[in-house]
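Just the one chain here, laid out as structure tokens, in the form predicted alone.
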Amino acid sequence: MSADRRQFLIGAVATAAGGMALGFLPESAAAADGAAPELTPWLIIEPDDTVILRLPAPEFGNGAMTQQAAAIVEELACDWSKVRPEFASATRDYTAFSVYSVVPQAAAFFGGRSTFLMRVMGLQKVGATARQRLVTAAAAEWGVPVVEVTAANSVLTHAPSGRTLRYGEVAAKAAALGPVAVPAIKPPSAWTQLGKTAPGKLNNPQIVDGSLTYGMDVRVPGMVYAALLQSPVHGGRLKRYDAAKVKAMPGVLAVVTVDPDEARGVAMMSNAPYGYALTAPRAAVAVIAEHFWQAKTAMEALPVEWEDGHGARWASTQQLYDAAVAALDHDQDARVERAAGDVADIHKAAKVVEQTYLTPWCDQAPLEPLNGTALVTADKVEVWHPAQNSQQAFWVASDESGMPPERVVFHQTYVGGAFGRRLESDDVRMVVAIAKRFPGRPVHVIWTREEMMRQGKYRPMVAAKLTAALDEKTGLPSAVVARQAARGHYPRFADTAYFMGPIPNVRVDARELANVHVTPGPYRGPGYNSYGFIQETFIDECAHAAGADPLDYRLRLLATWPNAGWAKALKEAATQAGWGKKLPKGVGQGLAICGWGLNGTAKAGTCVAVVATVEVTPKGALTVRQLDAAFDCGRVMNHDAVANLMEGGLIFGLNMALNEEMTVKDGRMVEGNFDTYPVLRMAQAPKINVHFGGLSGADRYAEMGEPPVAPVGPAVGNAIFRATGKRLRRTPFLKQDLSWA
């Protein structure tokens, strides 16, 4: 690290202040190659008023870049049509003392979420400081007091004289100013952009015309390609291969191997629920060639033999499921997550409901397969990558290459879907591990769809057994025991189970399936997506056993829940869907409500209530006719963006419930492409109604990308029960017999 005393002090002050210095003191206002100088490291204003914003959240379809830009524009008061987003540099964030990490939680800030108030306020300060520079420069130009100059829509105005200047006309002078005082930012009550407008994604035009650069689009001079093959059994090792058999094939340049034992294994996200480094690569062999087809063809011809390891003992998926269910009855390794009262006599109650549930492994299945490009030389490493967390990816590239971080240049690209698969940077490590074995030329490493799907980090398989003793008078649970078994189950079931709040006697425990080799990982709404299905199916079973209406039953459970937004959202969804109306035979409605981001508290996060209307023919053909959803995230900043995330999350969760299951044969993952791992087609999508009447107006702007995925599955399953009398206690539904007489 090289820094003079002043730079060091600036960085120290920024760190002590929780990272809120925000680059108010630019490293340099000098223009490079005739370009416009930067007002701060966060933004440049061109002479034509174009505002280039450098934003730290990767964009993978969720609109995070647009939302961050809106927070800056709220205070910058520029013309929205002139805004152009760019990715902030993780490299510069390091060399300039965390200039873009306005929130101390670096991994969160460089991730996708964009509406946490601390983050929004930090971005507002970026805009306010830049605006203050422009106002100060205009006041100096006119020789008037700063307080007499106002800014709006990229125009600076001196009302007493009627004079105006465009932002672009004073941007260079504003950039040359010394430090300026940070003005106070607007409170939410004074916002004019956030919550008041609904701008589309800033990159929509480029998505339509195909001009955005995704990882697969990277082209740099001298680039070569690598096709990848990893151990077909997770945790297996490379035994032998014969490179001589393919080295003479057209275009082949090299055959290289990656040994997991050689990886350094750093993991910024050290709160992993598993006992291994999140970023570690798998044993692999790669063929490097001038073109990808040449590399892939040679890889298919390469003689390779693997040492499968202990994972090969699992002959079938059912064997793994049976082991998980059997583990539920063993307490010696259980970790108690929540305990209250006494549950010892739960089975002695007059009415007991006890059922076992299971959710399978699911692949994130993003449209863009894993890929990345790296150039490793003697003095630097340069990476172009569609990362889900560019800051972690930067550090992993440094770690794997052995380069000090100041010699790492990381270029974030747009991402063609993520859903958690790109979060842990094991793909970045693999790319750099291959590139460093072929130094001097950029290497674009590409996973085929089959390689990516079979080498996944899946939504964990979860088995659970729930037991409830029902009160003889109310029918509500007086005691509940929840047992769960999984590898990599997070967040805790105890933090998502709202229905346990009023229950005096509770025990929730968990078992880690350490001997299961299939690798788990983040997946849209991790943990929550399984727990939602389990808890809401179980609650429906309790309601049925008590002879109660499922809506009324949940409302009674929520009667003492501290967050009134839940009941409001549930009532809104039910009312809009026409809950309770008479339906023809084979048609049913079911409902569910789940909350994401509670973190153990009731008045946090987002709850989503869903009512599903389905039709099932006597032969078992299922049609999901309609989904009605209401939610409470407190308040919304962009109505259309929230509706978009709700609709996308509901479709994601619906496909998860209907279709998705990764299976195992002799330790190997079976499914490898969309022919065997189906996703919903447009013609199969139900009518979706997103209702905003459940909003409580509470002072929070909780996230919307993950909450919808959990309640849709149990709502559909509960609707199937009401239509057919068949209760579904595992997913996916379409692999089960839904026929009825």
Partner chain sequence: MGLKLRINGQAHEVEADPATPLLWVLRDHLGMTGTKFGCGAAQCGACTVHVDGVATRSCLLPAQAVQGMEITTIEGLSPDGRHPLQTAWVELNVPQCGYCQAGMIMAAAALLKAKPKPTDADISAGVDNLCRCGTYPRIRAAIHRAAGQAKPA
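The structure displayed is predicted, hence computed values, not measured ones. Numbering follows the first chain given and starts at 1.
What follows is about the form predicted together with its partner chain, which we do not show.
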With the partner removed from view, which of 204-212, 120-128, 464-472, 324-332 is the stretch that lies within 4.5 Å of its partner chain in the predicted bound form, judged by heavy atom distances? 204-212
Can L695 be called a contact residue for its partner chain in the predicted bound form at 4.5 Å between heavy atoms? no
E141 versus its partner chain, in the predicted bound form: is there a non-hydrogen atom within 4.5 Å? no
Closest heavy atom of G600 to its partner chain in the predicted bound form, within 4.5 Å or not? no
Distance check, W80 to its partner chain in the predicted bound form, heavy atom within 4.5 Å: no
Just to be sure I understand the contacts: of E450, D259, E307, D552, which is the one whose heavy atoms reach within 4.5 angstroms of its partner chain in the predicted bound form? E450
Though its partner chain is not shown, can you say which of K665, K351, R219, R237 has a heavy atom within 4.5 Å of it in the predicted bound form? R219
May I ask you to list the residues of 330-345 that have any heavy atom within 4.5 angstroms of its partner chain in the predicted bound form, in sequence order? none
